[in-house]
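Take a look at this one chain, the form predicted on its own, written out in structure tokens.
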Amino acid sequence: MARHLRIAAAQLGPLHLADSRADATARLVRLLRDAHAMGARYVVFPELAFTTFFPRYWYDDQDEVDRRFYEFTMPSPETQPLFDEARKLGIGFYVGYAERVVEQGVVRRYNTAILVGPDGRIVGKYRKIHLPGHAEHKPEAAFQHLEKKYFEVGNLGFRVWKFMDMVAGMLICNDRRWPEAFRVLALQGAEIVSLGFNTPTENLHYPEPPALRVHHHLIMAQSMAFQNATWLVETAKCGFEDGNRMFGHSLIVAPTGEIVAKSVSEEDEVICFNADIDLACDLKRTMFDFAAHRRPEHYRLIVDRVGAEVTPAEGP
């Protein structure tokens, strides 16, 4: 009997500097109720879902940043209502946040996402590995992209969990541009990958038309889902946050690479689809039968070399 799960992407419109984490949580709760009314049993919220995208700002006082934007515990008093409502409705969810934690006596800060079961219990945690942007102050820039200043590279690796009768993996934002991340999850049997994002419409580092940025977002999602034979849910926080625009285009992609649902706004919006989790079985047995077709002995360069170098072959 095929496994079906009604899944939803709960997109958030803008969160401003003046908006509190309690305000953000109240909006997430409303989206969760909307998803429940649509029959959803699993909901994917965005990256950094409880605050504005604060890495666009330079702060000298890290203590202020901690107080304003980071979660010291999860759930916290401000975010607890989301967990309570999910437990009440029997819905599992993914949500991203800024995590401040003390590990072996050292304060660490991560861009984090968690997987929460329908009982409100945290099942899994992922810390973002592919951090974009920069760490130094660029006062001449239109805005900052300081993820490398405010976060450390995630230290939990790419993992999967048995979750709601499926194999689930998590990624965050810029991870979607790196095929290695998806392939590591697929090699562990991932059937669904959840990914929240906050993506500026403008590229800070070089000129790029906004439409081209969206085009890349869409083709990456389709190719990653298809090449790894997995469902993919990507959810945005978007719109004009204090004048800084991020694009939406939250979507649900089938293992066939087909976009089965996509948002149409840059505001709070829920999209939903009844996913056949077993849809990828044929692909996993044939075209993407890793055991039969992969040749890792020829892929060493992927893990041995970080940057590109020109190394032409010698001889025929």
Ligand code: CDT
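It should be emphasised that the depicted structure is a prediction, and the values quoted were computed from it without experimental measurement. Residue numbers run from 1 along the displayed sequence.
Here the subject shifts to the form predicted together with the named molecule, a form of this protein not shown in this document.
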> Counting only heavy atoms and a 4.5 Å cutoff, which of 119-127, 159-167, 99-107, 200-208 contacts the named molecule in the model of the complex?
Replying inline: 200-208
>> Taking a heavy atom within 4.5 Å as contact, would all three of 47, 145 and 176 count as contacting the named molecule in the model of the complex?
In response: yes
> Is the gap between residue 213 and the named molecule in the model of the complex 4.5 Å or less for some heavy atom pair?
Replying inline: yes
> Would residue 81 sit within 4.5 Å of the named molecule in the model of the complex, counting heavy atoms only?
Replying inline: no
> Applying a 4.5 Å heavy atom distance criterion, does residue 53 contact the named molecule in the model of the complex?
Replying inline: yes
> residue 132 near the named molecule in the model of the complex, any heavy atom under 4.5 Å?
Replying inline: yes
